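Only one chain is shown below, in structure tokens, and it's the form predicted alone.
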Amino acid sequence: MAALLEARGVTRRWGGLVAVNEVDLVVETGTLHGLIGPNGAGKTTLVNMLTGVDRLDGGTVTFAGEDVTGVPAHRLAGRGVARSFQTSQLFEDESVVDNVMAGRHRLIEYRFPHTFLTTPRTRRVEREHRLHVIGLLELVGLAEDANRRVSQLPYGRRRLVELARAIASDPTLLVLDEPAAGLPGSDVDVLAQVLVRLREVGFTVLVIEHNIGLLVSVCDRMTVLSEGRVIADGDPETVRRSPEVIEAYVGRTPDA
């Protein structure tokens, strides 16, 4: 498979601390790729650089065959990179469907006067996008909650709303930052099923997690960070049995 996202020698320093140390990472098109490591391993810092949120102190990033090193987040979003974050950024008093519609804003284009007036064209375009969003809610198992306010949903389903909003922009690459954080076991199982479903319908997904059990169960490939450097990369079972990975998770079983 062709590489969709490729990082080579990516480095980030904070004063005298090297937070990310010459990391190489390749995400292939059509795969579900896990980026894992203990807390403080440098996962979020790395992803912030890959998605244009933070600057690089060294290395290069290529996306869809183009050098995007240093390209800011809003421009990467325009090229098809969508991301969810660890902390909720939902509109609590709005409906689920309206929250997910917000993810399609860059795809809804009007010309004057449709931009400023409610016309038959604006109603038709918005109806088409809303139908698309309903389909996405069915994909992630939220269709029955479409008209509920986000504030009425339990935490696990709110996380799925965030995921649905991220895919609403029809991304070429979907980046999920710890989507299982704070979820009980039953909700993690639901999330695993949704991630597999996304890959099956053609999404390329990079998932950042510290839950090794989740990623082993769903990923095609995994990259493991510890103290800012890659200590393992490959298929999930090989990574899971790596002595360095087991050592990085001291006090945990490989299934933890």
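In this text, all values refer to a predicted model and were calculated from it rather than measured experimentally. One-based numbering along the sequence shown.
Omitted from view is the form predicted together with a small molecule, to which the following refers.
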query: Check all three, Leu17, Gly42 and Glu178, heavy atom within 4.5 Å of the small molecule in the model of the complex; finding: yes
query: Proximity to the small molecule in the model of the complex, single hit among Gly30, Pro38, Gly213, Gly58 (heavy atom within 4.5 Å); finding: Pro38
query: Options 215-223, 44-52, 198-206, 64-72; stretch whose heavy atom lies within 4.5 Å of the small molecule in the model of the complex; finding: 44-52
